[in-house]
Ligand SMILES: Cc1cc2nc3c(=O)[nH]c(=O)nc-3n(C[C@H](O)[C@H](O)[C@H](O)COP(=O)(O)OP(=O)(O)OC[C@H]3O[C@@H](n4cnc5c(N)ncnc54)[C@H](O)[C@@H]3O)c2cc1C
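Only one chain is given next, in structure tokens, and it is the form predicted alone.
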């Protein structure tokens, strides 16, 4: 028996880890995890790389280390196509990998919406490579008198980037945040929106709401107001593009059934609606919830779906009943700079340094292995101790 998992993000990796801990009546299945990267990326902490708060090893441990002792086989390779009929994937190097069951968890990608210049001049913020590109560009711009940064997309990612970069650049930076919506964090509640707006105002971030992006050029962002025709150009040396999630082309080209938005249509048990031996989760899955809504596209959802996916794979093999996915909203955490954050938990809001500490502790508990949790936790404590000693010595 073979289980092939494509994608080592929150959905894929935690499905593999959960499966590795299950008891098997007969011979243990071969579990293979495939990803184009050799590291698991804890995306919610990616922003901390820009301010030097965290190091790469803390938020992106090597997959071979995370999977050590689990019995899960890791194969590094880029998937170019998926064959749901054979529960298989084809890699760009010519290899074909097959399984008795297939789990698709490759995540989404940042859409360009066909806007001219996005691919050439704007940088998304989803991967280590993106963070390194932004870091390199910031270093170049910091040699100048002023640094002009434009961030398109006023969702959580855009707000977190604006606050982090604002803290990094200080008075040397001019940061603009653009969005078609009339408010920042349009899909979040006031427990997050109010402290976010204050954090942005404290950093003198220019909020440019109700703006339609016409094109991106080497010089900056060309835009117009929602209710206007005249176009204007916002000069920027760095343009960040944080405008949501789209389904990768290899999913679009597959025979997996899609919903009206192009996402893989899955049943409540996370099985493809037209291929029961194919499971899909995370940012590319259209997953129904009992109350008639769709599951949000977030790391928290993918993390929870992983446990259900692992159980349903085990239950399928052992002819046991499958479980319908139930999503438990545990709350939302966003970073608002190097020492501030905001949290909305069970309808209650929390912001400031306490929320910052809470966010770190929650994310520490989500790290993929107890060994990595221990290493990162010790490093965070030692860093805090050193900072406090320096503060004491200078006072």
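Positions refer to the first chain, counted from 1. Only a predicted model underlies this, so the values are computations on that prediction, with no experimental measurement involved.
Form predicted in complex with the named molecule: not shown, discussed below.
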Quick one: in the predicted complex, does every one of 78, 105 and 283 get a heavy atom within 4.5 Å of the named molecule? yes
Out of 36, 28, 326, 366, which one falls within 4.5 Å of the named molecule in the predicted complex, going by heavy atoms? 36
Pick from 205, 264, 302, 178: which has a non-hydrogen atom within 4.5 Å of the named molecule in the predicted complex? 302
Close approach of residue 125 to the named molecule in the predicted complex, 4.5 Å, heavy atom: yes
Counting only non-hydrogen atoms and a 4.5 angstroms cut-off, does residue 345 reach the named molecule in the predicted complex? no
Are any of the heavy atoms in residue 50 no more than 4.5 Å from a heavy atom of the named molecule in the predicted complex? no
Test of understanding: in the predicted complex, would residue 59 fall inside 4.5 Å of the named molecule by heavy atoms? no
Look at the stretches 221 to 229, 164 to 172, 291 to 299, 135 to 143 and give the one with heavy atoms within 4.5 Å of the named molecule in the predicted complex. 291 to 299
Can you list, in sequence order, the residues from 314 to 335 that come within 4.5 Å of the named molecule in the predicted complex, counting heavy atoms only? 333
